[in-house]
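In the C-alpha coordinates that follow, a single protein chain appears in two forms: structure 1, then structure 2.
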Structure 1
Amino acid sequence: MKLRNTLIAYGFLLPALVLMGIYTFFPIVFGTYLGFTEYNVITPPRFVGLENFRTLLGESYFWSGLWNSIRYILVVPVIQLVSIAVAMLVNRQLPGIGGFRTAYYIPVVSSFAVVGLMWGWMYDQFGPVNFVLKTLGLVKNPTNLLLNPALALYAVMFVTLWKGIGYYMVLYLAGLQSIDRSYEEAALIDGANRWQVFWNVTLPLLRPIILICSLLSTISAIKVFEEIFVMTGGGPAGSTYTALYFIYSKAFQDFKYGEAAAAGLVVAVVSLFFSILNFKYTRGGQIS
(Lines of atoms letter the chains of each structure in order from A and count residues from 1; the text may use other names and numbers.)
(Lines give C-alpha, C1' and ligand atoms only; values in the text may rest on other atoms or scores of the structure.)
Protein backbone atom coordinates (compact mmCIF):
# COMPACT_ATOMS: atom_id res chain seq x y z
CA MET A 1 0.00 0.00 0.00
CA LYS A 2 2.81 2.38 0.93
CA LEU A 3 4.68 1.60 -2.30
CA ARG A 4 1.49 2.14 -4.29
CA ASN A 5 0.91 5.57 -2.72
CA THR A 6 4.53 6.53 -3.36
CA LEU A 7 4.26 5.52 -7.04
CA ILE A 8 1.01 7.47 -7.39
CA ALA A 9 2.65 10.55 -5.83
CA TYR A 10 5.63 10.34 -8.18
CA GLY A 11 3.24 9.77 -11.07
CA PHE A 12 1.60 13.12 -10.35
CA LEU A 13 5.01 14.77 -9.94
CA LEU A 14 6.45 13.27 -13.13
CA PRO A 15 5.08 15.82 -15.66
CA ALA A 16 6.41 18.74 -13.60
CA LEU A 17 9.76 17.00 -13.04
CA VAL A 18 10.12 16.33 -16.78
CA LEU A 19 9.42 19.98 -17.60
CA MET A 20 11.85 21.15 -14.91
CA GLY A 21 14.47 18.77 -16.27
CA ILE A 22 14.07 20.11 -19.80
CA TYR A 23 13.72 23.83 -19.05
CA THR A 24 15.66 24.23 -15.77
CA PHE A 25 18.14 21.50 -14.89
CA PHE A 26 19.44 20.75 -18.39
CA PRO A 27 20.06 24.45 -19.25
CA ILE A 28 21.91 24.91 -15.95
CA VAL A 29 24.16 21.90 -16.53
CA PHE A 30 24.73 22.62 -20.23
CA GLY A 31 25.30 26.35 -19.58
CA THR A 32 27.87 25.54 -16.90
CA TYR A 33 29.65 23.22 -19.34
CA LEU A 34 29.62 25.89 -22.08
CA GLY A 35 31.36 28.30 -19.71
CA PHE A 36 34.48 26.15 -20.07
CA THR A 37 34.27 25.79 -23.86
CA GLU A 38 34.65 27.77 -27.05
CA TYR A 39 31.33 27.56 -28.87
CA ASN A 40 29.75 29.51 -31.75
CA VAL A 41 26.81 27.21 -32.67
CA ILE A 42 28.37 26.32 -36.06
CA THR A 43 31.16 24.13 -34.68
CA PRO A 44 30.90 21.72 -31.72
CA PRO A 45 31.94 23.03 -28.28
CA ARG A 46 35.71 22.84 -27.72
CA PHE A 47 36.90 22.57 -24.11
CA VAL A 48 39.22 25.48 -23.21
CA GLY A 49 39.28 25.24 -19.41
CA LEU A 50 39.44 28.62 -17.67
CA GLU A 51 40.27 30.57 -20.82
CA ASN A 52 36.85 32.29 -20.96
CA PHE A 53 37.25 33.51 -17.38
CA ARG A 54 40.74 34.85 -18.18
CA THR A 55 39.22 36.71 -21.12
CA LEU A 56 36.55 38.19 -18.83
CA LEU A 57 39.27 39.64 -16.59
CA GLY A 58 40.25 41.95 -19.45
CA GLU A 59 36.68 42.82 -20.49
CA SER A 60 36.11 46.33 -19.16
CA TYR A 61 32.50 46.29 -20.43
CA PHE A 62 31.73 43.21 -18.36
CA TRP A 63 33.11 44.67 -15.13
CA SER A 64 31.43 48.04 -15.64
CA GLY A 65 28.22 46.17 -16.46
CA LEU A 66 28.55 44.00 -13.34
CA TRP A 67 29.13 47.12 -11.25
CA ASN A 68 25.98 48.72 -12.71
CA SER A 69 24.05 45.53 -11.92
CA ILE A 70 25.27 45.67 -8.32
CA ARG A 71 24.37 49.36 -8.11
CA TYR A 72 20.90 48.40 -9.27
CA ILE A 73 20.45 46.64 -5.92
CA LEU A 74 19.88 50.14 -4.50
CA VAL A 75 16.31 49.79 -5.74
CA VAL A 76 15.70 46.74 -3.50
CA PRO A 77 15.28 48.41 -0.07
CA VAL A 78 13.27 51.23 -1.62
CA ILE A 79 10.84 48.91 -3.40
CA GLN A 80 10.41 46.80 -0.24
CA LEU A 81 9.68 49.81 1.98
CA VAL A 82 7.24 51.32 -0.51
CA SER A 83 5.54 47.96 -1.11
CA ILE A 84 5.05 47.40 2.64
CA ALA A 85 3.65 50.93 2.99
CA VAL A 86 1.23 50.41 0.09
CA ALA A 87 0.21 46.98 1.43
CA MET A 88 -0.56 48.55 4.81
CA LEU A 89 -2.57 51.23 3.02
CA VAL A 90 -4.70 48.81 0.99
CA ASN A 91 -5.12 46.35 3.87
CA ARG A 92 -8.29 48.13 4.90
CA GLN A 93 -11.95 47.34 4.37
CA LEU A 94 -12.95 50.55 2.61
CA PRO A 95 -15.37 51.20 -0.27
CA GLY A 96 -13.63 50.76 -3.62
CA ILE A 97 -10.45 49.26 -2.10
CA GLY A 98 -10.53 46.42 -4.65
CA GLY A 99 -10.21 48.91 -7.52
CA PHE A 100 -7.39 50.68 -5.68
CA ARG A 101 -5.48 47.39 -5.36
CA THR A 102 -6.07 46.64 -9.03
CA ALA A 103 -4.73 50.04 -10.06
CA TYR A 104 -1.45 49.33 -8.26
CA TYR A 105 -1.16 45.94 -9.97
CA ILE A 106 -1.76 47.12 -13.55
CA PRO A 107 1.93 48.05 -14.14
CA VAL A 108 2.98 44.51 -13.18
CA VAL A 109 0.98 42.91 -16.00
CA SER A 110 1.82 45.64 -18.53
CA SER A 111 4.22 44.76 -21.35
CA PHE A 112 7.65 46.27 -20.82
CA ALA A 113 7.72 47.34 -24.45
CA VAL A 114 4.71 49.56 -23.72
CA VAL A 115 6.08 50.67 -20.34
CA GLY A 116 9.47 51.52 -21.85
CA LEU A 117 7.93 53.60 -24.63
CA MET A 118 5.67 55.40 -22.15
CA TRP A 119 8.48 56.28 -19.75
CA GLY A 120 10.77 57.17 -22.64
CA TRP A 121 8.22 59.81 -23.61
CA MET A 122 7.81 60.94 -19.99
CA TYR A 123 11.59 61.34 -19.57
CA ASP A 124 11.90 63.32 -22.82
CA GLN A 125 13.29 66.84 -22.71
CA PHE A 126 9.77 68.20 -23.22
CA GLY A 127 7.99 65.41 -21.35
CA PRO A 128 5.91 65.55 -18.16
CA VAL A 129 8.79 64.67 -15.80
CA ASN A 130 10.94 67.58 -16.95
CA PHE A 131 7.89 69.86 -16.93
CA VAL A 132 7.25 69.04 -13.26
CA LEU A 133 10.94 69.40 -12.34
CA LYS A 134 11.16 72.77 -14.10
CA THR A 135 7.91 73.98 -12.49
CA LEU A 136 9.29 73.11 -9.06
CA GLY A 137 12.53 74.91 -9.88
CA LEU A 138 14.64 71.75 -9.56
CA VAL A 139 16.11 72.09 -13.08
CA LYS A 140 16.80 75.11 -15.27
CA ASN A 141 17.65 73.47 -18.59
CA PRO A 142 15.62 70.26 -19.07
CA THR A 143 17.30 67.36 -20.86
CA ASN A 144 16.21 63.85 -21.73
CA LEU A 145 17.02 61.94 -18.53
CA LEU A 146 17.75 58.76 -20.48
CA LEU A 147 20.46 60.60 -22.45
CA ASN A 148 22.17 61.92 -19.32
CA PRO A 149 25.02 59.53 -18.31
CA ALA A 150 24.80 60.65 -14.68
CA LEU A 151 21.04 60.10 -14.35
CA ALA A 152 20.07 57.44 -16.90
CA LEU A 153 20.62 54.41 -14.64
CA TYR A 154 18.62 55.98 -11.80
CA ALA A 155 15.84 56.91 -14.23
CA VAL A 156 15.58 53.27 -15.31
CA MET A 157 15.70 52.18 -11.65
CA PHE A 158 12.65 54.34 -10.96
CA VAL A 159 10.74 52.58 -13.75
CA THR A 160 11.65 49.22 -12.19
CA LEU A 161 10.42 50.55 -8.84
CA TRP A 162 7.16 51.81 -10.36
CA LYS A 163 6.50 48.55 -12.20
CA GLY A 164 7.40 46.23 -9.30
CA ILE A 165 5.51 47.85 -6.42
CA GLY A 166 2.24 46.10 -7.25
CA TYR A 167 3.82 42.64 -7.35
CA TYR A 168 5.46 42.89 -3.95
CA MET A 169 2.43 44.71 -2.55
CA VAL A 170 0.32 41.60 -3.24
CA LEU A 171 2.83 39.36 -1.43
CA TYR A 172 2.98 41.69 1.57
CA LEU A 173 -0.80 42.05 1.57
CA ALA A 174 -1.14 38.27 1.75
CA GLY A 175 1.35 38.27 4.64
CA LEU A 176 -0.55 41.00 6.50
CA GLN A 177 -3.87 39.21 6.11
CA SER A 178 -2.37 35.98 7.46
CA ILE A 179 -1.38 37.66 10.75
CA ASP A 180 -3.74 36.89 13.61
CA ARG A 181 -5.36 40.19 14.61
CA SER A 182 -5.28 39.13 18.28
CA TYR A 183 -1.53 39.88 18.45
CA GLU A 184 -2.03 43.51 17.42
CA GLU A 185 -5.12 43.89 19.60
CA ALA A 186 -3.22 42.56 22.63
CA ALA A 187 -0.41 45.05 22.02
CA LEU A 188 -2.88 47.94 21.73
CA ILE A 189 -4.57 46.88 24.99
CA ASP A 190 -1.15 46.86 26.66
CA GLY A 191 -0.74 50.53 25.70
CA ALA A 192 1.35 50.32 22.52
CA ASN A 193 0.73 52.94 19.83
CA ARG A 194 0.27 52.12 16.13
CA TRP A 195 3.96 52.58 15.30
CA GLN A 196 5.06 50.34 18.19
CA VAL A 197 2.56 47.67 17.10
CA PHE A 198 3.91 47.80 13.54
CA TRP A 199 7.58 47.73 14.60
CA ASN A 200 7.36 45.14 17.37
CA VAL A 201 4.50 42.92 16.21
CA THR A 202 3.62 43.28 12.52
CA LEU A 203 7.13 43.62 11.08
CA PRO A 204 8.63 40.59 12.89
CA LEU A 205 5.68 38.44 11.78
CA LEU A 206 6.26 39.63 8.21
CA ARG A 207 9.92 38.58 8.34
CA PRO A 208 9.45 35.42 6.18
CA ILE A 209 7.66 37.49 3.49
CA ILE A 210 10.37 40.16 3.68
CA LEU A 211 12.99 37.47 3.11
CA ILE A 212 11.20 36.11 0.04
CA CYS A 213 10.52 39.55 -1.43
CA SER A 214 14.00 40.92 -0.81
CA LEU A 215 15.53 37.75 -2.24
CA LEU A 216 13.39 37.91 -5.39
CA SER A 217 13.98 41.62 -5.92
CA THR A 218 17.75 41.32 -5.34
CA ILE A 219 18.07 38.57 -7.94
CA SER A 220 15.85 40.54 -10.34
CA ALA A 221 18.00 43.65 -9.84
CA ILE A 222 21.25 41.81 -10.58
CA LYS A 223 19.83 40.23 -13.73
CA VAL A 224 18.09 43.38 -14.98
CA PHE A 225 17.85 43.33 -18.76
CA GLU A 226 14.41 44.16 -20.20
CA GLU A 227 14.45 47.73 -18.91
CA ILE A 228 17.91 48.38 -20.32
CA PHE A 229 17.20 46.71 -23.67
CA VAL A 230 13.96 48.63 -24.27
CA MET A 231 14.83 52.04 -22.81
CA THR A 232 18.55 52.72 -23.29
CA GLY A 233 20.30 49.86 -25.07
CA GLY A 234 23.13 50.16 -22.55
CA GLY A 235 23.74 53.86 -23.25
CA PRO A 236 24.46 56.67 -23.01
CA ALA A 237 28.21 56.07 -23.01
CA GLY A 238 27.71 52.68 -21.34
CA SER A 239 26.21 54.25 -18.21
CA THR A 240 23.34 51.72 -18.14
CA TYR A 241 25.29 48.76 -19.50
CA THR A 242 24.60 45.79 -17.20
CA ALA A 243 26.05 42.30 -16.80
CA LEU A 244 23.12 40.61 -18.53
CA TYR A 245 23.29 43.08 -21.40
CA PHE A 246 26.93 42.05 -21.81
CA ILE A 247 25.89 38.38 -21.85
CA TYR A 248 23.21 39.15 -24.44
CA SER A 249 25.63 41.03 -26.71
CA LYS A 250 28.31 38.30 -26.44
CA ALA A 251 25.84 35.50 -27.16
CA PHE A 252 23.49 36.97 -29.76
CA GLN A 253 25.63 39.64 -31.41
CA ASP A 254 29.19 38.25 -31.23
CA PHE A 255 28.12 34.55 -31.11
CA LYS A 256 30.67 33.84 -28.37
CA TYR A 257 28.48 31.52 -26.34
CA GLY A 258 31.31 30.15 -24.22
CA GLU A 259 32.32 33.58 -22.98
CA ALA A 260 28.66 34.52 -22.47
CA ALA A 261 28.12 31.35 -20.40
CA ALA A 262 31.23 32.11 -18.33
CA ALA A 263 29.90 35.61 -17.65
CA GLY A 264 26.57 34.04 -16.66
CA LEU A 265 28.35 31.84 -14.12
CA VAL A 266 30.03 34.90 -12.59
CA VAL A 267 26.66 36.65 -12.35
CA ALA A 268 25.19 33.52 -10.75
CA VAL A 269 27.95 33.52 -8.11
CA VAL A 270 27.33 37.22 -7.39
CA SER A 271 23.58 36.53 -7.09
CA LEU A 272 24.31 33.64 -4.71
CA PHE A 273 26.51 35.91 -2.57
CA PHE A 274 23.78 38.55 -2.20
CA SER A 275 21.18 35.83 -1.61
CA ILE A 276 23.25 34.53 1.31
CA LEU A 277 23.42 38.07 2.69
CA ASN A 278 19.63 38.27 2.45
CA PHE A 279 19.24 35.03 4.39
CA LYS A 280 21.75 36.20 6.98
CA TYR A 281 20.12 39.55 7.71
CA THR A 282 16.40 38.94 7.12
CA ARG A 283 15.65 35.43 8.33
CA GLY A 284 14.34 34.70 11.82
CA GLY A 285 11.44 36.14 13.70
CA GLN A 286 12.93 39.02 15.64
CA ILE A 287 14.34 42.35 14.59
CA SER A 288 18.08 42.43 15.12
Structure 2
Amino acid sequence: MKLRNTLIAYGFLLPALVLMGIYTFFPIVFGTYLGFTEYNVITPPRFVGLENFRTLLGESYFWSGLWNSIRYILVVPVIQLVSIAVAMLVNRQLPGIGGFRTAYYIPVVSSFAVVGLMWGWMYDQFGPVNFVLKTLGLVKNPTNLLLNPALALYAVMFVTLWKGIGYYMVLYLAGLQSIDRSYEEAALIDGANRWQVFWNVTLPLLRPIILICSLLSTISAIKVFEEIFVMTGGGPAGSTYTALYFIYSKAFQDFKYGEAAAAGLVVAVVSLFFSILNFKYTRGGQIS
Protein backbone atom coordinates (compact mmCIF):
# COMPACT_ATOMS: atom_id res chain seq x y z
CA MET A 1 0.00 0.00 0.00
CA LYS A 2 2.77 2.38 1.01
CA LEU A 3 4.88 1.44 -1.99
CA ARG A 4 1.90 1.84 -4.30
CA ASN A 5 1.32 5.31 -2.90
CA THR A 6 4.93 6.28 -3.45
CA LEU A 7 4.80 5.03 -7.04
CA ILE A 8 1.67 7.08 -7.70
CA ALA A 9 3.30 10.17 -6.21
CA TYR A 10 6.33 9.76 -8.46
CA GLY A 11 3.99 9.15 -11.37
CA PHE A 12 2.55 12.63 -10.86
CA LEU A 13 6.03 14.09 -10.56
CA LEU A 14 7.47 12.21 -13.53
CA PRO A 15 7.03 14.85 -16.27
CA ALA A 16 8.43 17.61 -14.03
CA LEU A 17 11.36 15.48 -12.87
CA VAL A 18 12.30 14.29 -16.36
CA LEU A 19 12.17 17.79 -17.88
CA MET A 20 13.98 19.45 -14.99
CA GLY A 21 16.49 16.62 -14.96
CA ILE A 22 17.34 17.23 -18.62
CA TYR A 23 17.12 21.00 -18.84
CA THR A 24 17.94 22.24 -15.34
CA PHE A 25 19.91 19.76 -13.23
CA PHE A 26 21.93 18.10 -15.97
CA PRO A 27 23.29 21.48 -17.21
CA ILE A 28 24.58 22.26 -13.71
CA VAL A 29 26.51 19.00 -13.55
CA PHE A 30 27.57 18.68 -17.18
CA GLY A 31 28.31 22.41 -17.45
CA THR A 32 30.71 22.13 -14.52
CA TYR A 33 32.44 19.16 -16.13
CA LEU A 34 32.63 20.95 -19.51
CA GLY A 35 34.58 23.76 -17.87
CA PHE A 36 37.48 21.35 -17.46
CA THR A 37 37.37 19.99 -21.01
CA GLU A 38 37.89 20.92 -24.59
CA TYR A 39 34.67 20.36 -26.49
CA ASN A 40 33.34 21.10 -29.96
CA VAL A 41 30.05 19.09 -29.94
CA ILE A 42 31.28 16.71 -32.66
CA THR A 43 34.01 14.76 -30.82
CA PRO A 44 33.58 13.78 -27.15
CA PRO A 45 34.84 16.21 -24.47
CA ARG A 46 38.59 15.90 -23.80
CA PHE A 47 39.67 16.53 -20.20
CA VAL A 48 42.22 19.36 -20.01
CA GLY A 49 42.30 20.16 -16.29
CA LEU A 50 42.62 23.84 -15.51
CA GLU A 51 43.68 24.78 -19.03
CA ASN A 52 40.47 26.77 -19.75
CA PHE A 53 40.84 28.80 -16.59
CA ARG A 54 44.45 29.55 -17.49
CA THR A 55 43.30 30.79 -20.90
CA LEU A 56 40.62 32.90 -19.22
CA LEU A 57 43.23 34.65 -17.10
CA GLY A 58 44.71 36.09 -20.28
CA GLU A 59 41.38 37.08 -21.86
CA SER A 60 41.06 40.80 -21.16
CA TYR A 61 37.56 40.76 -22.67
CA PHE A 62 36.40 38.29 -20.05
CA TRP A 63 37.63 40.44 -17.18
CA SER A 64 36.25 43.68 -18.56
CA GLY A 65 32.98 41.86 -19.19
CA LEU A 66 32.89 40.49 -15.67
CA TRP A 67 33.65 43.94 -14.32
CA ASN A 68 30.75 45.42 -16.33
CA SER A 69 28.44 42.69 -14.97
CA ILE A 70 29.50 43.55 -11.44
CA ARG A 71 29.00 47.25 -12.14
CA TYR A 72 25.53 46.35 -13.34
CA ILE A 73 24.65 45.46 -9.72
CA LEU A 74 24.43 49.25 -9.22
CA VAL A 75 20.94 48.83 -10.66
CA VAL A 76 19.84 46.71 -7.71
CA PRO A 77 19.65 49.30 -4.89
CA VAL A 78 18.17 51.89 -7.26
CA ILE A 79 15.50 49.55 -8.59
CA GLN A 80 14.55 48.40 -5.08
CA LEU A 81 14.33 51.93 -3.64
CA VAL A 82 12.30 53.23 -6.57
CA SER A 83 10.01 50.19 -6.49
CA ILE A 84 9.33 50.56 -2.77
CA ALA A 85 8.60 54.26 -3.30
CA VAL A 86 6.26 53.54 -6.21
CA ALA A 87 4.56 50.73 -4.28
CA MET A 88 3.89 53.14 -1.41
CA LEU A 89 2.62 55.71 -3.87
CA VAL A 90 0.08 53.33 -5.42
CA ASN A 91 -0.83 51.70 -2.09
CA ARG A 92 -3.75 54.04 -1.48
CA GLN A 93 -7.42 54.23 -2.30
CA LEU A 94 -7.73 56.86 -5.01
CA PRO A 95 -9.95 56.96 -8.09
CA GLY A 96 -8.06 55.54 -11.07
CA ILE A 97 -5.22 54.03 -9.05
CA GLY A 98 -5.77 50.64 -10.73
CA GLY A 99 -5.12 52.25 -14.11
CA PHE A 100 -1.79 53.64 -12.92
CA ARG A 101 -0.72 50.27 -11.54
CA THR A 102 -1.54 48.70 -14.91
CA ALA A 103 0.41 51.41 -16.75
CA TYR A 104 3.46 50.79 -14.60
CA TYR A 105 3.24 47.08 -15.25
CA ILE A 106 3.08 47.18 -19.05
CA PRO A 107 6.90 47.35 -19.51
CA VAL A 108 7.17 44.14 -17.46
CA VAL A 109 5.03 42.12 -19.86
CA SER A 110 6.85 43.45 -22.91
CA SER A 111 9.56 41.41 -24.59
CA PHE A 112 13.12 42.70 -24.41
CA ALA A 113 13.02 42.45 -28.20
CA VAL A 114 10.31 45.13 -28.20
CA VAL A 115 11.76 47.12 -25.30
CA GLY A 116 15.27 47.13 -26.75
CA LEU A 117 14.11 48.38 -30.14
CA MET A 118 11.94 51.11 -28.60
CA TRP A 119 14.69 52.40 -26.34
CA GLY A 120 17.12 52.32 -29.22
CA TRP A 121 14.85 54.92 -30.82
CA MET A 122 14.36 56.83 -27.57
CA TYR A 123 18.14 57.26 -27.24
CA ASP A 124 18.67 58.41 -30.85
CA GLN A 125 20.66 61.56 -31.44
CA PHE A 126 17.44 63.46 -32.13
CA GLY A 127 15.19 61.14 -30.12
CA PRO A 128 12.88 62.01 -27.22
CA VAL A 129 15.46 61.43 -24.46
CA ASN A 130 17.87 63.94 -25.95
CA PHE A 131 14.97 66.35 -26.47
CA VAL A 132 14.23 66.22 -22.74
CA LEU A 133 17.93 66.50 -21.80
CA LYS A 134 18.37 69.45 -24.14
CA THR A 135 15.24 71.21 -22.92
CA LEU A 136 16.47 70.81 -19.33
CA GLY A 137 19.82 72.25 -20.42
CA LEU A 138 21.73 69.08 -19.50
CA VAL A 139 23.28 68.62 -22.95
CA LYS A 140 24.19 71.11 -25.64
CA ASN A 141 25.06 68.91 -28.60
CA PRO A 142 22.97 65.74 -28.41
CA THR A 143 24.59 62.44 -29.40
CA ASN A 144 23.15 58.95 -29.51
CA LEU A 145 23.48 57.78 -25.91
CA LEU A 146 24.04 54.16 -26.91
CA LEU A 147 27.02 55.17 -29.06
CA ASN A 148 28.76 56.99 -26.24
CA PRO A 149 31.24 54.67 -24.46
CA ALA A 150 31.02 56.66 -21.24
CA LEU A 151 27.23 56.53 -21.06
CA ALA A 152 26.04 53.43 -22.94
CA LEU A 153 26.13 51.06 -19.95
CA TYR A 154 24.15 53.52 -17.83
CA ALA A 155 21.67 54.02 -20.65
CA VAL A 156 21.09 50.24 -20.79
CA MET A 157 20.85 50.12 -16.97
CA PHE A 158 18.09 52.70 -17.14
CA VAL A 159 16.13 50.40 -19.47
CA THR A 160 16.54 47.50 -17.02
CA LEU A 161 15.25 49.81 -14.31
CA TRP A 162 12.37 51.03 -16.47
CA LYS A 163 11.31 47.46 -17.29
CA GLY A 164 11.76 46.10 -13.78
CA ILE A 165 10.05 48.66 -11.55
CA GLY A 166 6.53 47.40 -12.21
CA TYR A 167 7.51 43.84 -11.32
CA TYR A 168 9.03 44.68 -7.96
CA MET A 169 6.28 47.23 -7.32
CA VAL A 170 3.69 44.45 -7.38
CA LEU A 171 5.74 42.31 -5.00
CA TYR A 172 6.26 45.21 -2.58
CA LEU A 173 2.61 46.17 -2.87
CA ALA A 174 1.66 42.65 -1.78
CA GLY A 175 4.11 43.03 1.11
CA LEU A 176 2.76 46.41 2.16
CA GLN A 177 -0.80 45.15 2.07
CA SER A 178 0.03 42.20 4.28
CA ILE A 179 1.44 44.49 7.00
CA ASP A 180 -0.90 44.84 9.92
CA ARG A 181 -1.93 48.52 9.98
CA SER A 182 -2.04 48.55 13.78
CA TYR A 183 1.79 48.57 14.03
CA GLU A 184 2.01 51.77 12.02
CA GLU A 185 -0.94 53.36 13.80
CA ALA A 186 0.52 52.54 17.22
CA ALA A 187 3.79 54.23 16.24
CA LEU A 188 1.91 57.31 14.99
CA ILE A 189 -0.02 57.55 18.26
CA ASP A 190 3.27 57.30 20.16
CA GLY A 191 4.30 60.50 18.39
CA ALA A 192 6.51 59.16 15.59
CA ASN A 193 6.46 61.14 12.36
CA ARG A 194 5.72 59.51 8.99
CA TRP A 195 9.38 59.16 8.09
CA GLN A 196 10.19 57.48 11.42
CA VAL A 197 7.27 55.10 10.95
CA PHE A 198 8.50 54.18 7.49
CA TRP A 199 12.10 53.73 8.61
CA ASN A 200 11.49 51.94 11.92
CA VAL A 201 8.26 50.03 11.32
CA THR A 202 7.36 49.56 7.65
CA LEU A 203 10.84 48.87 6.25
CA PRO A 204 11.81 46.21 8.84
CA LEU A 205 8.49 44.45 8.25
CA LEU A 206 9.20 44.43 4.52
CA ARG A 207 12.61 42.83 5.03
CA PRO A 208 11.65 39.30 3.88
CA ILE A 209 10.35 40.72 0.58
CA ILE A 210 13.34 43.03 0.23
CA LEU A 211 15.55 39.95 0.51
CA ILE A 212 13.67 38.07 -2.22
CA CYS A 213 13.55 41.08 -4.53
CA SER A 214 17.16 42.16 -4.14
CA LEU A 215 18.32 38.56 -4.47
CA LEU A 216 16.37 38.11 -7.72
CA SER A 217 17.54 41.41 -9.12
CA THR A 218 21.18 40.81 -8.15
CA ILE A 219 21.15 37.41 -9.83
CA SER A 220 19.67 38.86 -13.00
CA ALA A 221 22.02 41.87 -12.94
CA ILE A 222 25.07 39.61 -13.06
CA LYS A 223 23.41 37.61 -15.84
CA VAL A 224 22.43 40.71 -17.81
CA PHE A 225 22.40 39.85 -21.48
CA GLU A 226 19.13 40.26 -23.37
CA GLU A 227 18.95 44.06 -23.22
CA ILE A 228 22.59 44.28 -24.27
CA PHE A 229 22.15 41.76 -27.06
CA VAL A 230 19.29 43.82 -28.51
CA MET A 231 20.49 47.36 -27.84
CA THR A 232 24.28 47.60 -28.14
CA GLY A 233 25.73 44.19 -28.99
CA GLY A 234 28.41 44.82 -26.36
CA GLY A 235 29.56 48.08 -27.94
CA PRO A 236 30.57 50.82 -28.31
CA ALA A 237 34.25 49.93 -27.80
CA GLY A 238 33.28 47.05 -25.47
CA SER A 239 31.76 49.46 -22.96
CA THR A 240 28.61 47.35 -22.51
CA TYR A 241 30.29 43.97 -22.98
CA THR A 242 29.23 41.77 -20.04
CA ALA A 243 30.28 38.39 -18.67
CA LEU A 244 27.32 36.62 -20.26
CA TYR A 245 28.15 38.27 -23.57
CA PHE A 246 31.59 36.72 -23.36
CA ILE A 247 30.09 33.28 -22.63
CA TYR A 248 27.64 33.69 -25.48
CA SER A 249 30.22 34.67 -28.06
CA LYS A 250 32.77 32.09 -26.91
CA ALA A 251 30.19 29.33 -27.27
CA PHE A 252 28.07 30.34 -30.22
CA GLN A 253 30.51 32.35 -32.33
CA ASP A 254 33.91 30.79 -31.53
CA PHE A 255 32.48 27.32 -30.73
CA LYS A 256 34.81 26.99 -27.72
CA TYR A 257 32.30 25.34 -25.43
CA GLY A 258 34.82 24.30 -22.79
CA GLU A 259 36.19 27.77 -22.31
CA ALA A 260 32.67 29.24 -22.32
CA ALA A 261 31.62 26.76 -19.62
CA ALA A 262 34.70 27.63 -17.56
CA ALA A 263 33.77 31.31 -17.81
CA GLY A 264 30.24 30.29 -16.74
CA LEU A 265 31.68 28.66 -13.61
CA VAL A 266 33.61 31.80 -12.67
CA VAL A 267 30.48 33.91 -13.12
CA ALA A 268 28.47 31.39 -11.06
CA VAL A 269 30.93 31.72 -8.17
CA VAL A 270 30.74 35.54 -8.37
CA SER A 271 26.94 35.31 -8.46
CA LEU A 272 26.89 33.06 -5.37
CA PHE A 273 29.19 35.46 -3.57
CA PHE A 274 26.83 38.39 -4.17
CA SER A 275 23.79 36.29 -3.19
CA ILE A 276 25.41 35.53 0.15
CA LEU A 277 26.27 39.20 0.57
CA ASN A 278 22.61 39.93 -0.02
CA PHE A 279 21.57 37.54 2.72
CA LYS A 280 23.97 39.26 5.09
CA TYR A 281 22.76 42.77 4.32
CA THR A 282 19.08 41.93 4.70
CA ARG A 283 19.90 39.81 7.75
CA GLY A 284 18.54 36.71 6.05
CA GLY A 285 15.15 38.37 5.64
CA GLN A 286 14.42 38.08 9.35
CA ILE A 287 11.92 40.67 10.50
CA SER A 288 13.58 41.63 13.77
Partner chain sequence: MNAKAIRRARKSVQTIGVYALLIVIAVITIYPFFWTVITSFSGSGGIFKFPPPLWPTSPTLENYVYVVQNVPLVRYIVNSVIICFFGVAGSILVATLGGYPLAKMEFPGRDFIFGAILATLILPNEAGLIVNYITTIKLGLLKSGPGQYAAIILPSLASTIGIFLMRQAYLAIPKELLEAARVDGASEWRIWWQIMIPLTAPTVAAFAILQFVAFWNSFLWPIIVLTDKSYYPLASGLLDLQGQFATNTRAVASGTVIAMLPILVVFLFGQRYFMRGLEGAVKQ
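One-based numbering along structure 1's sequence throughout. Quantities reported herein were computed from a predicted structural model and do not represent experimental measurements. We call the rigid core whatever largest set of C-alpha positions still superposes within 1.5 Å between the two forms.
The second of the two standalone chains is derived from the form predicted together with the partner chain. With the core held fixed, the Cα of residue 273 is displaced between structures 1 and 2 by less than 2 Å. Here the two forms are laid over each other by their core, and the C-alpha of residue 7 is off by 6.4 Å between structures 1 and 2. Taking the core as the reference frame, the CA atom of residue 16 shifts 3.3 angstrom between structures 1 and 2.
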